[in-house]
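Laid out below as structure tokens are two forms of one and the same protein chain, each shown alone and named structure 1 and structure 2.
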Structure 1
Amino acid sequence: MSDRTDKIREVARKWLADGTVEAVVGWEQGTYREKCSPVLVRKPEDADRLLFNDRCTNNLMTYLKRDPVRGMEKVGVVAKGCDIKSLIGLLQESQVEREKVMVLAVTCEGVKKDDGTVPIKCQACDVNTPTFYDEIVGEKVASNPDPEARFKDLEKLDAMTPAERNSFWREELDKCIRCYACRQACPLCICSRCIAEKNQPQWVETSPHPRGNFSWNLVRAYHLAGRCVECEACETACPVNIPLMLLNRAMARTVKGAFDYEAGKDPEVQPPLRTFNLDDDNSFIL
């Protein structure tokens, strides 16, 4: 992927030199094994720090809603097609102004996890060649999503009885240490003050207690219903390997079935849980 890296550096250097952007958010070589890390480049001469390969797993859109990036007049961001879905979500919710972001899209054959396996998001990817950007680098990559991959992991949950499912999640969520890495990595966790940190009244217990852990993880999943773009950033960031994407994909499947809606597809269309149509299916209301 060196040709993509060279082109990314070239475009970033130009944008920074002519003042198109104040900074570029991208990836650089990390300090641990083959991992790549997010980097904020402010000077043209630092553009050579930028790179792209199959270890660029971080969803950089989460930085668009944080200082100092949020306060910039214009910022560039290097993005894969799946990351751009997150930008669309931020635009839909007025968290980012389109004119303040320059999207440097990069075509992608997929990324790899630390163990070398291909994540589900790549197996089911339909945006290997992004369609929403200001400039794009890389040869066109045809998308060939596996129709079975996206929700296949949910089959084991579907096969469980309610009691077995409850036991499964109690055991998984008991591992949570309440570090909130999932929240910090998620580009669509946009609350300036999280419900987990409110104590007047306290909605969710803050200590890593089974009861509080259960509440926290379910509340976060509900808040992402119809919004999660399945970038897997939360699950990747989790230090205790909780299968958070099982929750998120279950929500996505429900929203798809009820509203025929998929997050991150169209910036002009509002998520179904943020709007109301008279012809919505109301059969779930008792």
Structure 2
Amino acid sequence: MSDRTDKIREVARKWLADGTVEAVVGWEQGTYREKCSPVLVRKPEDADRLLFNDRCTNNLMTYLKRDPVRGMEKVGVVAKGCDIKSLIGLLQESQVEREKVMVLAVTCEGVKKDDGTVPIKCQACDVNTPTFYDEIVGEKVASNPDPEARFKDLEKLDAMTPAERNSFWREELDKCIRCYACRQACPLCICSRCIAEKNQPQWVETSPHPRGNFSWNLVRAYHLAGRCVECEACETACPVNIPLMLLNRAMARTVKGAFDYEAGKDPEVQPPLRTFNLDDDNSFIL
């Protein structure tokens, strides 16, 4: 780990010194327990703040679409394989220009949640050693041969009757306080004005009443159908621990079944809901 930290600092310092990038987005030691926080490093001498360890959970790609990073000519970003998947999404959707980012990929054995457990995405990770980057640090790490294992959790939902599922989600979504942390953390929630903030008409009721909570959480999930890269940023950010990844993974599984498509894999392939093709499968139309 410390080896990777050294290398990250070295590359960042070089990029900043020779003007390759204006700034580098990375992780630094946080102030709360062992947690790491995002940091924007602008000067070569600050590169030593950067580090990498198994508490670097944040997906830093979300900063690429925000000021001040958005306005920069060129920016470096430290990224795990899963974070890079969201970059691929942003590239597909023209939110980021490839020439404007330098990807400093880091191999990863998996991160830990606040409670010390290993997230599902890491258990079933297929990108421990990233393949899309400008520079990479760290030794090669083997991936889980069965990435589908991440859908295992959905079986408990599948086993429920619709009524049970409904009450399961009622209970869960009842907790939502509408802080929109999930949205802010999501690298692919790219709207500048979210539908939740539109009021003509107000599709999503703003008060944390079940009706509004259902609308909000379902709209969020639907808007990520075929786009969500399962980085788990939303679920990690949620202060009331709603299992948002169950929704996201259910969508991902459906998209995979229907279109044989997985988000975040290939920047050249269009997401299924983004294409109109005369030979699209129409069999579902009666």
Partner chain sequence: MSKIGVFVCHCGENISRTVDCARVAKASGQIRGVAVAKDYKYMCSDPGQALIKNAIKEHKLDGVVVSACSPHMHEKTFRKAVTEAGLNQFLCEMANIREHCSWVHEKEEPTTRKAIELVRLMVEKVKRNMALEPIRVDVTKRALVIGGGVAGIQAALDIADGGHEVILVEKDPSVGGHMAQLSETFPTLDCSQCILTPKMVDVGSHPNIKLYTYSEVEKIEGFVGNFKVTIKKKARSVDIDKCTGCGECQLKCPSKKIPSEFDRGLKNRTAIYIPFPQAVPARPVIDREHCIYFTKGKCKACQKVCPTEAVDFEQTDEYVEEEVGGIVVATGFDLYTTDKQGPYPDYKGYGEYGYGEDPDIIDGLQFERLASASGPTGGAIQRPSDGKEPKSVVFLQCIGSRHPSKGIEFCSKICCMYTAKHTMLYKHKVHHGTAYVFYMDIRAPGKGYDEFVRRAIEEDGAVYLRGRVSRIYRSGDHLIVKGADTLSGAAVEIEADMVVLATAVMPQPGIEGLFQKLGISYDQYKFASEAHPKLRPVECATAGIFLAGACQGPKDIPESVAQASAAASKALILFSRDQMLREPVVAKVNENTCIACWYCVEICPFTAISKKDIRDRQGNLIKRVAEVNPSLCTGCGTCAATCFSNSIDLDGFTDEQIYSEINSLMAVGQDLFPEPEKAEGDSPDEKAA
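Here the structure is a predicted model, which is why all the values come from computation and not from measurement. Numbering runs along the sequence of structure 1, starting at 1. So that the term is clear: the rigid core is the largest set of C-alpha atoms that superpose within 1.5 Å between two forms.
The form predicted in complex with its partner chain appears here as structure 2; structure 1 is the other form of the chain. On core superposition, F276 has its C-alpha offset by 2.9 angstrom between structures 1 and 2.
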